[in-house]
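A single chain, nothing else alongside it, follows as structure tokens in the form predicted on its own.
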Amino acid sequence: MNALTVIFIGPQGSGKGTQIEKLDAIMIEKDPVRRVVDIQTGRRFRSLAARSETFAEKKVAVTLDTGVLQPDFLTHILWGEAMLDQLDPKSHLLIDGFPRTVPQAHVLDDAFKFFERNEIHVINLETPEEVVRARMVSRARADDTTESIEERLRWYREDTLPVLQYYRLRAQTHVHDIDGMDTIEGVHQQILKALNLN
């Protein structure tokens, strides 16, 4: 198996984290000699906010509850540190939470060149807003207020959907449109088929 680079894109509540965990387990099973590097930016921001000691940590803690996009420099630092610590050209790479904007995609392309990763796969979890809205409300996470949910859906429409178009035009890139309305196992099977892992 060649080293895979897989970016998950979809609105919050579309099941990206769940599907990454399932894919991670399959890749470890099928290719035990390679490291699977799993970078979930949202989880890293929540971990940063939970410490709440420095000015930056306290500010992230406050802004996470509003649903606004975190500044690019913080996002780049978090996933950049993870890549520097764990990634090499032979590792599998699973990404959730970035790029959320086209400028972030350009920076990520620089990282891909550095780590010698040209071919990428994008898993686009197509899930209607009313469905992800209901899922976010039901999971009862502290930062899932009505206002923050609507703000996240807004920036997903305005800032992240253009990223999908960027990847549809990028060379050596495969965008896989997945029906996010399927069951968890059904979505998982769609992803395995898209990546030729079933």
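All residue numbers refer to positions in the sequence shown, first residue = 1. The shown structure was predicted, so the numbers you read here are calculated from the model rather than taken from an experiment.
Unshown form predicted in complex with a small molecule; subsequent notes refer to it.
Here the chain stands alone, but in the model of the complex its contact with the small molecule, taken as any heavy atom within 4.5 Å, falls in 67 to 75 among 81 to 89, 121 to 129, 67 to 75, 105 to 113.
Interface membership of Lys30, defined by any non-hydrogen atom within 4.5 Å of the small molecule in the model of the complex, is ruled out. When contacts are judged by a 4.5 Å heavy atom cut-off, Arg141 counts as touching the small molecule in the model of the complex. The small molecule in the model of the complex comes within 4.5 Å of no heavy atom belonging to Tyr167. At the 4.5 Å threshold, heavy atoms of Arg34 stay clear of the small molecule in the model of the complex, well away from it.
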